[in-house]
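One chain follows as structure tokens, the form predicted alone.
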């Protein structure tokens, strides 16, 4: 109950700050120097937050589709031989740091959101793939055999039995990728992506700690809320699966 109350309070504070950031200026002014502004106003914090979340959602949605698809493929009899290849493909994002992906993507994709989307997409593949693999390979054998005994086709077993039972583990991987992507997306502003990293970078360039704190605080609060949301979804999926 206390945890939920704290999350609700954090969500309300975040919403209040994004809607009326100037109201929080007195709290941030002690962090400024030589009369520097306490609140970032070059771009609307609300629009930066929406853009930041949209980039993360788009990248993680694409990662989930590809990673879950590969996980399903390599757990079928016809696709088991592709497991090493699938692991190699999904590990690419973890091999190269996001900054390196951005640097390599800019000459091809140009400045803006696309290099950041690519970096977040690649970085999000491995946790979702590994959790999908774990979820589908640790199913209770008796349940799978019961579904087979009922005359279900392989496709019916996958959609009605296997994926619903594996969903909590899959969602755990999506949660991890989403939280990592939310934090990592900030560096996208180095290549002109519209993210909350713009606020942090402006603070670093102008030695304005107030900008750095507000950008970091918004990202941290969003990460906590998204993590809590996914944990609630995992719990609901477990309940439906009978765990």
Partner chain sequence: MSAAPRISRQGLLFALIGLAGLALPLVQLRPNRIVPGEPLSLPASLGWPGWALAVPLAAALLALLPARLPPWAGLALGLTGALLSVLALGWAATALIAPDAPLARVSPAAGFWLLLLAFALAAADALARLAPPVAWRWGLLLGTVLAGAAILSSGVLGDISVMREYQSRHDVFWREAGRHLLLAFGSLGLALATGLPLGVLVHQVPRLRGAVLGALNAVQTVPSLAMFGIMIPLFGWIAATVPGAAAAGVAGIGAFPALVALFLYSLLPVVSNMAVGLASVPPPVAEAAAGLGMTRAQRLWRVELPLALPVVLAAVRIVLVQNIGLTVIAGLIGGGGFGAFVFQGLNQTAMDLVLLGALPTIALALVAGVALGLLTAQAGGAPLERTAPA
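Positions refer to the first chain, counted from 1. Values in this document were obtained by computation on a predicted structure and should not be read as measured data. The term rigid core refers to the maximal set of C-alpha atoms that superpose within 1.5 Å between the two forms.
Beyond what is shown, the protein has a form predicted together with the partner chain; the following relates to that form.
Though the partner chain is absent from this view, in the predicted bound form it lies within 4.5 Å of a heavy atom of just one residue from 118, 167, 74, 89, which is 89. For the residues 66, 200, 28, 48, the 4.5 Å heavy atom test against the partner chain in the predicted bound form is passed only by 200. When contacts are judged by a 4.5 Å heavy atom cut-off, residue 123 counts as touching the partner chain in the predicted bound form. Residue 183 belongs to the set of residues with a heavy atom inside 4.5 Å of the partner chain in the predicted bound form. Remark: residue 233 does not count among the residues lining the partner chain in the predicted bound form, judged by a heavy atom distance of 4.5 Å or less. Though the partner is left out of this view, residue 62 does not reach within 4.5 Å of the partner chain in the predicted bound form, counting heavy atoms only. At a distance of at most 4.5 angstroms from the partner chain in the predicted bound form, none of the three residues 38, 44 and 136 contributes a non-hydrogen atom.
If you take 217-232 and check each residue for a heavy atom within 4.5 Å of the partner chain in the predicted bound form, you get 219, 220, 223, 224, in sequence order. In the core-superposed comparison between the shown form and the other one, the C-alpha atom of residue 141 has shifted by less than 2 angstroms. Three angstroms is the minimum change: in the predicted bound form, the CA atoms of residue 93 and residue 137 sit closer than in this structure, by 3 Å or more.
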